[in-house]
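First comes one chain, alone, set out as C-alpha cells in the form predicted on its own.
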Amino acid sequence: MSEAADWWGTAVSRIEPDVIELRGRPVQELIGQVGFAQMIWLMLRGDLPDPRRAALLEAALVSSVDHGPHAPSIAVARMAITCGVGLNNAVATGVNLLGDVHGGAGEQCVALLEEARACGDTAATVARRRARDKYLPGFGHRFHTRDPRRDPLLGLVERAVADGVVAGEHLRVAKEVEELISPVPMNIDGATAVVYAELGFPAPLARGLFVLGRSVGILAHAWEEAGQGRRNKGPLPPSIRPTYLG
C-alpha cells in the first residue's frame, strides 16, 4: 500500500475524506479569500504572492486572453464546436495548437532574456541569435505596428521596479533588445515574458501561463460559435474555393 501511495506522491494537494488541502492550505480557507491569479501562484509555487506581485501576474494573464479568429487557436476552436463536440473538446482543440510558433514565443523570450542577463552583453546575445534566425521571440508583430498591450504591461513593471517589488533586470534587458533592433517593437509575448521573468517564473511556465490566459478567449469564442447554429464550419466560406495546385 505504501508503495502505491508513494507512486502518486505529491506536494500539490492532499485529498482525504472530508479534507481538501492545496499546498497545505485547507480549501475552505481559500474560497472567497484568494483570487484566481493568487491561486495559480500558490499551486505552481507553493506560497501566496503579495498583492503587487499578484496584480502583475493577473495583468499578464488578462493581456493574453484573446486575439480573435486571426489566431489559429481561436479559429480551430470555433470550427471544432460546429462539429458536434463538447466545449471541453473545442477548448482542448484550441489549446493543442499553442505550440512553438503560435503560443511559445513567451517561453522563448524568457529564455532570451535569461541568456542575455547571464551573458552580461545584450548586444552579443542578440547578434548570436540573429546569426541563427532573424526572428527574435517577443519582438515584432504580423498584425500590429505597435502592440497595444505592450505599454500598459511595461508601465506596471516599471512602477513595480520603482517601488522595489521586482528587480527590473529582465525589463532592462528587454528594452535593450528593443533598442538594438529598432524600429521593431516588443509584442505581447515579450511584455508578458518580462512580467513572468521578473516574477521568477521559469521559461516553460511562461507558456503554461499563456495557455491559462488564452483558454478564456478560446472558451468564449467556442461558446459564441455554438450559439450561431452553424454546422461543420470550415476555414473558408463555401463560396471560396482553395486554389488547386495540381
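Everything quoted here is computed from the prediction, not taken from an experiment. Numbers follow the displayed sequence, beginning with 1.
A second form of this protein, the form predicted in complex with a further copy of the same chain, is not displayed here; the remarks below concern that form.
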{"property": "Contact flag, residue 177 vs a further copy of the same chain in the model of the complex, heavy atom cut 4.5 Å", "result": "no"}
{"property": "Contact test in the model of the complex: residue 76 vs a further copy of the same chain, heavy atoms, 4.5 Å", "result": "yes"}
{"property": "Heavy atom of residue 129 within 4.5 Å of a further copy of the same chain in the model of the complex", "result": "no"}
{"property": "Residue 93, heavy atom within 4.5 angstroms of a further copy of the same chain in the model of the complex", "result": "yes"}
{"property": "51, 111 and 165 each touching a further copy of the same chain in the model of the complex (heavy atom, 4.5 Å)", "result": "no"}
{"property": "Residues in 81-111 close to a further copy of the same chain in the model of the complex, defined by a heavy atom within 4.5 Å, in order", "result": "82, 83, 84, 85, 86, 87, 88, 89, 91, 92, 93, 95, 96, 97, 98, 99, 100, 101, 102"}
